[in-house]
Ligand SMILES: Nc1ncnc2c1ncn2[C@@H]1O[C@H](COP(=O)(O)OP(=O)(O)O)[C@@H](O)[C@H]1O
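Only one chain is included here, represented as structure tokens and corresponding to the form predicted on its own.
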């Protein structure tokens, strides 16, 4: 088993409140892992820790065996290029237009790319996610669903091998959600690693190789796809819990 992200006895606290406590897990490369559990249980925090967006209060987060907190600038850029995040609230820059938002990752990670090359890549990903409006507007002029499409497109720009998704189908209509799910399935088939947070059990059952149930900031349960498919009573109880 090749490990791409490892959490080693990771804890995280904010405002004197412990959110994640002594959590250890190895995410397998090329597999899809869903993070489930009750609201406020720490799922999104575990995702952000795994993506290197939060620094643990204790413990280590390692990418391919290397402590993320000890990476130099070059190593950190390589990690950011290989791993992309779609945030629950989309996290689009309010003071930039969509074209500027989408250009930024390409400018950072591919500085030699020309303007026409950047425009071509942006058009490619927008076609994939199904966004058809103009780009000379700011995020506030978009619906929440449209913002999510732009956030997903931004994550796809650098062709990441590792994708972190937080409630990524939320605010989308069925057609848009199906399009993004199809893109994720295509990435799975290509051997990409995907870690996602969702309250949608059907999505977990459809996509996940593993489901981790996070309760009270700890890993309380790990299920394989086979185990998810074989214990209907357990799955029903988890579904009730994650929709509280």
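Computed from a prediction, not measured in an experiment: that's the story for all the values here. Numbering follows the first chain given and starts at 1.
The form predicted in complex with the ligand is left out here; the points below concern that form.
Enquirer: Considering the ligand in the predicted bound form, find the one stretch among 64-72, 25-33, 176-184, 44-52 with heavy atoms no farther than 4.5 Å from it.
Expert: Contact criterion met by 44-52 only.
Enquirer: Quick one: does residue 19 come within 4.5 Å of the ligand in the predicted bound form, counting heavy atoms only?
Expert: Residue 19: contacts the ligand in the predicted bound form.
Enquirer: Mark residue 97 yes when one of its heavy atoms lies within 4.5 Å of a heavy atom of the ligand in the predicted bound form, and no otherwise.
Expert: No.
Enquirer: Any chance residue 56 has a heavy atom within 4.5 Å of the ligand in the predicted bound form?
Expert: No, residue 56 sits far enough from the ligand in the predicted bound form that none of its heavy atoms falls within 4.5 Å.
Enquirer: Please tell me whether any heavy atom belonging to residue 234 falls inside 4.5 Å of a heavy atom of the ligand, as the geometry stands in the predicted bound form.
Expert: Heavy-atom contact with the ligand at 4.5 Å: absent for residue 234.
Enquirer: Among the candidate residues 147, 119, 171, 88, which is the single one with a non-hydrogen atom no more than 4.5 Å from the ligand in the predicted bound form?
Expert: After the contact test, the surviving option is 88.
Enquirer: Do any residues of 10-42 have a non-hydrogen atom within 4.5 angstroms of the ligand in the predicted bound form? If so, which ones, in sequence order?
Expert: Going through 10-42 in order - heavy atoms within 4.5 Å of the ligand in the predicted bound form - the hits are 14, 15, 17, 19, 38, 39, 40, 41, 42.
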